[in-house]
Structure formats: structure tokens, C-alpha cells
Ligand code: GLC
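Next comes just one chain, in C-alpha cells: the form predicted alone.
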């Protein structure tokens, strides 16, 4: 098991406004002001509540000579990757800064498409972030992004149902299945037991890795050698397949579920357990979206059994600077502001985004928005990164396809694991 973690096209521009006041801290990074107006294009997520425009407005008030244009990307992460990759591959100077998923830095850095940020950041600035979040941006000894949000898989559960039937929060996957089966038999109706994001997309890889690690397996070892074909990996895949085809605790159609689909079933009151990211918390407590307000608990994901540990997949987003930007100094200044305390507090309050800055885990505003955060800090700081490889996208797709084959019983878990392992070895020249 690889345990080398350091500790432990375009949708348009949003016109939303925000009344959140701009920061006034003198410590915010500034650039030399000139008479000339510099325009930066920031490719980002859709602006859900005007929060991204609020950040831009605050930055522009501190930098009157810089104008930042928000370019909204599609909601789907795979579509974001495709669009950003096309812009970078074309060496287009129109994109200065962009949001990047936690698995992208090594892909872009290996291609020479992004600006190394070592010379722009102090050791103090680097150390301010969670080590796992910064480690995700490290490629061949250089940092290529600044994290502004971290994520980790968590177990959501119906605390009212566990109390009703005198059941404990499960600590192993087998216990979860047994508890789910019991409550389903008592509740009847449309009650289901468990779901995650199990359709063929990146979310499936995140879910798979948590099962594999929890049984003691892995995909690559510390030397990037493929080690996926193992009894531990087979046990993990078997556990997932049996949830669907043997115990029948998952909702119908679970292998087509994205995060939103799984949440919908849980929030409707028809599921006992859910694997989700922390961003689901605020939605679970919103009466307009959820029928289970005040009935939800959050815990660490289960283990594969005695002697194994709980693991969660490291998620999150960073801001990166294009190597082809003609305004790198201003772009880096905005990148730092996008990852600043001001910006992360705002996003924590508005969208339940988990901060990457360590100091914010004791921040009153952040804890008021996400009261579970303090208790989940040990799990968050030890979230585990997916395999780091310039060929990660292809590697992940192989895992997704073969796991779907096992779900559909086109292959046994043993066959699916071996096929995936053989394909990854070929991909990596092993």
C-alpha cells in the first residue's frame, strides 16, 4: 500500500452581484499599479450564488488596474477538463487562470502547459495549506497550483433511523450492509440502503479507491508499479458488486448515479447511508431540497474489516496559471487572492466548501456553517490522493469501464480487476 503522502464551449459570463464586503487586510497580495488596465480571463465553475463574482469584485477593489473576466465552464468535471485542455494545447493566450481538479496538476505540468509557482510563493504560504492539498500540486519537485478547496469522501447516515432501531454507525462495510438490510426490512416501502456516485465518470474512481484502500489494496505502489491485481482489490470490487446484485441494498439504477442522483434519493428520505463529499451537507439541511433536515449525521467511511483502516479519496480544487498567459504577475496575484482566507471563508459559508487553509478549521464563521468540520478534521487531513500519473485520465477510465463490467456481471470481480491491471500496465509501459 502506497503511503507516501506528505503527512499522512464556454457557458458565458455571470452577471450576479454580491453584497459581501470586500476584504481590507493589508496582507493580501498586491501588484504594482499602473495606468494601463490589465484584463485577466478566469475559467471557473458556474457562479451558483454570485460568490465568484464577489471574490472578483473584492480583488478588483484592491487592484484598480486589473479587470477579471469570469468565464463559466460546464458543471461536469470531465467537460471542464476537455475544454481547458483544448485551450492549453492550442497555447491560447486568452486564458490566464483556471480552476483545476485535484488530479489535473500532474497532467498539465507534464505537458508544460502551466506556470510553476515556486518563485511566487514563500515557504510560509505553502505551509499554510493542508499538506495533502499542496502535495496534489507538486510534480517533479515544483508546485503548479494553489489549493482553495479540499474535499474528502464521507459517510452520511440517517441518525434518526439508527437511533430508532438502536444501531451504531457502522465501522466496516459488512456492518453497513447488515444495518442497511435490517432497517430496509423494518421500514419497507421505497427505503434503500446505500449509494455513491457509481456511474462511469471520475466519481466512480473516487468511490472505488476508497473501497480498495479500505481492504488494503492499491493501484500503484510508491515506485509507480502497477499492483492492482491483488486479493485485496478483488475483495473490494466484490463488496461493491454484491451490494448491487446480492444484497440489493442500492437504489435501482445506481450504476448511472452521479453525486446529485445519489443525494436526491437520500434527501428524499429513502436511503439509510450515502457516500458524498462535504458539499452535500448544506443541501441536506436546506428544507427546500431535503426532507431529512436535522436527521443527518456524518462519519468516516467504513473499513474493509478488522486490521484495515478507513480511507477517503482526496478531492478538491486549485487555481492554476496558464504558461501562455501574457500577464503572469497579475494572474498569480489573483490566484493567491482566490486561495486567500477571505475567499475560502466566503465559499465555506455559501457553498460548504472545505477550506485548504489549516487556520480555518478553528474559524468560528466556518464552523458555524459546517459544525461537523472540527470532528472530521483527522479524516480530512489524512485524505488519500488518487494515483499520480501524467496518464491519470486514461488510467481512471480503465478502472471505470472494468468496474462497470463487474457491476453488470459481464465479468467477475477477478476478471475485471485483472483486465484493468493488464491495461494499466500496458498504458504505463510495464
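Everything quoted here is computed from the prediction, not taken from an experiment. Numbering follows the first chain given and starts at 1.
Quick note: we don't show the form predicted together with this ligand, though the next part is all about it.
Comment: 194-202 is the region of 194-202, 294-302, 172-180, 334-342 lying near this ligand in the predicted complex, near meaning a non-hydrogen atom within 4.5 Å. Only one of 72, 232, 247, 101 lies close to this ligand in the predicted complex, with a heavy atom inside 4.5 Å, and it is 101. Only one of 270, 290, 77, 282 lies close to this ligand in the predicted complex, with a heavy atom inside 4.5 Å, and it is 77. Although the partner is absent from the chain shown here, none of 228, 388 and 424 has a heavy atom within 4.5 Å of this ligand in the predicted complex. With a 4.5 Å cutoff on heavy atoms, residue 237 does not count as touching this ligand in the predicted complex; it lies far away. This ligand is not drawn, but in the predicted complex it has a heavy atom within 4.5 Å of residue 206.
Within this chain, residue 96 is remote from the site of this ligand in the predicted complex, having no heavy atom within 4.5 Å.
Put simply, residue 257 is far from this ligand in the predicted complex: not one heavy atom of it is within 4.5 Å. Contacts between stretch 294-325 and this ligand, counted in the predicted complex as any heavy atom lying within 4.5 Å, involve 315, 316, 317, listed in sequence order.
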